[in-house]
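The chain below stands alone and is given in structure tokens; this is the form predicted on its own.
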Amino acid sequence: MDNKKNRAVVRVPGTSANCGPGFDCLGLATTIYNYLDLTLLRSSKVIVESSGEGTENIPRGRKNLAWQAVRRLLQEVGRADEFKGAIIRTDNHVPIARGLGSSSTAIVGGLTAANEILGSPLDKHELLKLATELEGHPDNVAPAIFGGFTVSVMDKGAVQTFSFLPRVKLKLVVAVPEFELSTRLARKVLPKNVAMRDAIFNISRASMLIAALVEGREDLLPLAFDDALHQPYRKKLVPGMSEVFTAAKEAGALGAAISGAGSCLIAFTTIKSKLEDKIAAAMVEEFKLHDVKSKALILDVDKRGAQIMRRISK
């Protein structure tokens, strides 16, 4: 079979998990994208070519995360003996190891492209199951698949996700420090047990955050982004974190949080306020005062999740 008939290109949004109080359960898709061009092969060759962010750190062979996702889908649908290899080309714009879901884009990109080539045997919820299995938790892969904001629940190993578009029209201001921060290290600093008051603090904020976004209650959002479960312990890993949050809020942000496990920090404002440039400058300047070089990304909420960009028909 002609390789060109087994090719698909997918665009996958970067994501931001937790959104402050929603540790390991809330996430949102953003308008920064990675692109994956997949060709399935009957031979056992696995060729990986990449450009853009983090190119030097991306595995080129069978250890490549996108290939592992492709292979897992082929196994799931009983086609692994038919397609033993692949050509994978990526164009990456999502910074690696910064808390913007770079690993999720590889997983979701591989799954989505392979599923498309095979005639879409799995729906999005079945893709989410496989993506969560590969990633270990759903907070990044869910918004990468569905777009918008997502609320995910694990129940006896199964994942359920609710996705929605907020009625508050948000702008996302992301300060991207030069340094990387591994999720493993960011999890290592977390306590094994938390106080009841901290649990209640987060439950109330996470509930308020979702209610305010769904109902369009912008006035309630300044109460909703704070966290007591993970950010107080992770701030020692991101120099100046608390001060950057304060600078963002003083510049007009509704709230600020660590993006995923970091090192990026994300601030939330509205489109109508037109304060995103001011907030971005304040965050970058505050990082600079703590000897951290950074850049700012001004993003919107992605509404669609992973999308096929080109399909070559059989």
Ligand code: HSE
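Residue numbers here begin at 1 and follow the sequence given. Please read all numbers here as calculations on a predicted model, not as lab measurements.
There is also a form predicted in complex with the named molecule; it is not shown, and the following applies to it.
The contact with the named molecule in the model of the complex, taken as any heavy atom within 4.5 Å, belongs to 137 out of 235, 89, 93, 137. Judged against the named molecule in the model of the complex with a 4.5 angstroms heavy atom cut-off, the residues 242, 245 and 290 are out of contact without exception. Although the partner is absent from this view, residue 125 stays clear of the named molecule in the model of the complex, with no non-hydrogen atom inside 4.5 angstroms.
Under a 4.5 angstroms non-hydrogen atom cutoff, the named molecule in the model of the complex has residue 183 among its neighbouring residues.
In the model of the complex, the named molecule stays beyond 4.5 Å of every heavy atom belonging to residue 10. Contact annotation: residue 260 falls within 4.5 Å of the named molecule in the model of the complex, judged by heavy atom distances.
Partner contact region in the model of the complex: 23-31, out of 23-31, 277-285, 40-48, 64-72, criterion any non-hydrogen atom within 4.5 Å of the named molecule.
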